[in-house]
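Shown next as structure tokens: one chain only, the form predicted on its own.
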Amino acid sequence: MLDFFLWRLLRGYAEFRASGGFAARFLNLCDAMRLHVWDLQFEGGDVCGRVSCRDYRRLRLAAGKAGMRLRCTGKRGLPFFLRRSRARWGLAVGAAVCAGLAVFLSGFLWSVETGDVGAVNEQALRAAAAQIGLYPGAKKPSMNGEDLAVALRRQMDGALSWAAVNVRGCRAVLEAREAAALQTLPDPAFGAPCDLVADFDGLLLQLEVHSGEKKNAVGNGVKTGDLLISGTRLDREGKPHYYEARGVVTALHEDARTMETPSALQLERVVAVRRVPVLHLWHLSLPLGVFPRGGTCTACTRTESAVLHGVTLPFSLEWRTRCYWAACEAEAAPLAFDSFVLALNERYRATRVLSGEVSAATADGVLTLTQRSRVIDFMGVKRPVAARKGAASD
């Protein structure tokens, strides 16, 4: 609908009023002649409406055949506006200059923002983006978003695992993910002989052996301490050889976390703020007010010296501010829940959580938050071979 309205304004149209004669015949002739007429209304037996400029002459012919008298009541649109303003050349020049400035300035970036960047340092990310030409006032880059993301990752020197640059109009949005620290295991030939055992109860989903001998299978349920990968191998003569057991093991298990905190917190809230000015004249100080006595408060000062043509005058005004506090009790549940969620996010950073629920219980002034989840996590801790052999001999 808006497109039609703008098109009519650009082409121009006329508002008319047809009176007398036969209105029904007039409308039938407009339809038969396919005249572009809209917004038709009947006002006291007259027909009012709007018609395009190119169809106005034909509309007079239709009105004459219907015995009606046609009168133009208004002219709207760009052609008529330009005709009325042809003597005001300043408007045309100003419009042309504004259009040129808009086109010219649209070729620059005026805002560089950071979207979802996770734990990435925003200042370092903006500095790296400025090195590849993404900063306010810079010309729009000729590279596409994928090339800009590759250049941004290269500029960050391996600190990003993923990056995206979205240029929308005159605004660039940066998104990134921090690269996870890669943990490399020592070579088996130089590592101490050990087994890889389960560190929690769960159902094995993946068991990939890098060094050692597999002692379990995918789909088996294991308990804490069960052997997953053995670091002992027997040769053809039955002689044992010891290695460092290594591999990637993932398992599905039930995980539970609990946090306890007092159900009520002792907080302090501001009950009053008092500000007193002090006038300093040479070595003389004149307080222009007094503070109330008593109460717990914190104080701060701010001094404003008078400067005239770069010379500091021998008098200044000091503002002394005191904030008075009062103890109050607040419910600890919201703050404790936020802290608990942050701790869970840190715990499950490299864990896939399938489902979970958090419950809260209060007893004897203690708030207990409990979380139970079904997660897929990495499994396996190293146990020295000597300890296993000693336990077997016992």
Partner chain sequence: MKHLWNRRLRVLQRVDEAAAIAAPRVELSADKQAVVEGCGGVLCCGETLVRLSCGPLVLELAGSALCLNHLSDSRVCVSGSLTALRFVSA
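Residue numbers count along the first chain shown, from 1. These numbers were taken from a predicted model, which means no experiment stands behind them.
Heads up, the form predicted in complex with its partner chain isn't pictured, but that's what we're talking about next.
Interface residue remark: residue 367 is not counted as part of the site for its partner chain in the predicted complex, having no heavy atom within 4.5 Å. When its partner chain is considered in the predicted complex, residue 63 lies well away from it, no heavy atom lying within 4.5 Å. Using a 4.5 Å cutoff between non-hydrogen atoms, residue 23 counts as a contact of its partner chain in the predicted complex. Under a 4.5 angstroms non-hydrogen atom cutoff, its partner chain in the predicted complex lacks residue 70 among its neighbouring residues. The chain is drawn here without its partner chain; in the predicted complex, the stretch among 358 to 366, 41 to 49, 54 to 62, 342 to 350 whose residues come within 4.5 Å of it by any heavy atom is 41 to 49.
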